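Below sits a lone chain in structure tokens, taken as the form predicted on its own.
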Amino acid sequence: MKKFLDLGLQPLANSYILEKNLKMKEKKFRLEIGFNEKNYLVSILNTVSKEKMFNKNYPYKSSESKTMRNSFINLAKKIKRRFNPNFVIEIGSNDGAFIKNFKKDQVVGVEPCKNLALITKRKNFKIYPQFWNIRLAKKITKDKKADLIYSANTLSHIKNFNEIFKAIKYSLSDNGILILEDPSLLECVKKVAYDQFYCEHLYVFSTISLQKILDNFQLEIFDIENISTHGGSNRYYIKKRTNSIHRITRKVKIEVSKETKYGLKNFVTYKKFAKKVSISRIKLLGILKNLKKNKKKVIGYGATAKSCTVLNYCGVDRRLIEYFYDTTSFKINKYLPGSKIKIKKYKKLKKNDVDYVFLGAWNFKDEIFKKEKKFIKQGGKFISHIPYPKIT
């Protein structure tokens, strides 16, 4: 594994701080990213134990985003039309935003964050509040195998590939389908979206790296969709190699070609990316410091794990961004890790209250801009660092 990017010392991205603990020393780790020249995989080099990251206080809830709710509703409809599965397993079911679109006797969720698993359990869905592994897979599929396994933004969090895919292969019926959804490495590199890297995102997959990994488990990608969620993701449709029902579509070849042409097999591509990241940092700090100098009020919008990487890498704190708005109930009145910027309960933006707003949740830009039409009409401005720092 060859290192190409160092994003400095970072706290655990979702370890939001209570006011009484502000003076306590935070645990930090060095966020370095590397490239494997054999399987083309991009991953963080220093990992944090899964138990520290995914626990009973996990703050992110899929259902609290309109974009994600709609994405899951539309996908569930598509799955029913195309595959008509009788038994579905979701790995990383969060608060049940996806599985609630299926009949209760058709679907099972796996969610190790106890607080999120409890939300789904209260809705009377079958849920296993455990980490996905071969033992759990055997327990869930003891009586029947899965027609479809779905996982969104979860498998990139699990360190042990062998454990993941052995358990998936065991759980799938002969003609079963795995649908895997994760941020696209191609989009990440093109957009200089270095905030896709944080403690939970152990990997950012490309099609070419995922193909190499799946090959070891006699699994293969037969279709791909490029989707807009999380700033540009890929939805991979995967089957057992022995499954002849689903033919490999041209989309797979096209995606591999795009990634290869862009240089995702070459280490030099990632060195160039690292240089752009360094320039992005200088530019963002320049914008924020200039606004501060001109006595402009700047706040943040969306106290996300992504924004945690940006703030800590760039050295942004309360002197440059006064506070953040967020809609996630668990985060309100807490402080962002590292930067220690306060998170306030979201309210509609008004030009009288604030001049500039940093988009921490840039991947929900369309949803946010629709919501804040009045603020924009009044002359309110947003700051984004994607694909380069600018005021819009």
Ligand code: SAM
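Being a predicted model, the structure only gives us computed values, none of them experimental. In this text, residue numbers run from 1 along the sequence as written.
The next section is about a form of this same protein that is not shown, the form predicted together with ligand SAM.
The candidate site formed by 72, 94 and 131 is fully in contact with ligand SAM in the model of the complex, as each residue has a non-hydrogen atom within 4.5 angstroms of it. Residues within 4.5 angstroms of ligand SAM in the model of the complex, judged by any non-hydrogen atom, belong to 108-116 and to none of the other stretches in 272-280, 290-298, 80-88, 108-116. Ligand SAM in the model of the complex comes within 4.5 Å of a heavy atom belonging to residue 60. Using a 4.5 angstroms threshold between heavy atoms, residue 68 counts as touching ligand SAM in the model of the complex.
The closest heavy atom approach of residue 320 to ligand SAM in the model of the complex falls outside 4.5 Å. Though the partner is left out of this view, residue 214 does not reach within 4.5 Å of ligand SAM in the model of the complex, counting heavy atoms only. Of the residues given (171, 209, 120, 153), 153 alone sits with a heavy atom within 4.5 Å of ligand SAM in the model of the complex.
The contact residue chosen from 265, 246, 251, 157 relative to ligand SAM in the model of the complex is 157, the criterion being a non-hydrogen atom within 4.5 angstroms.
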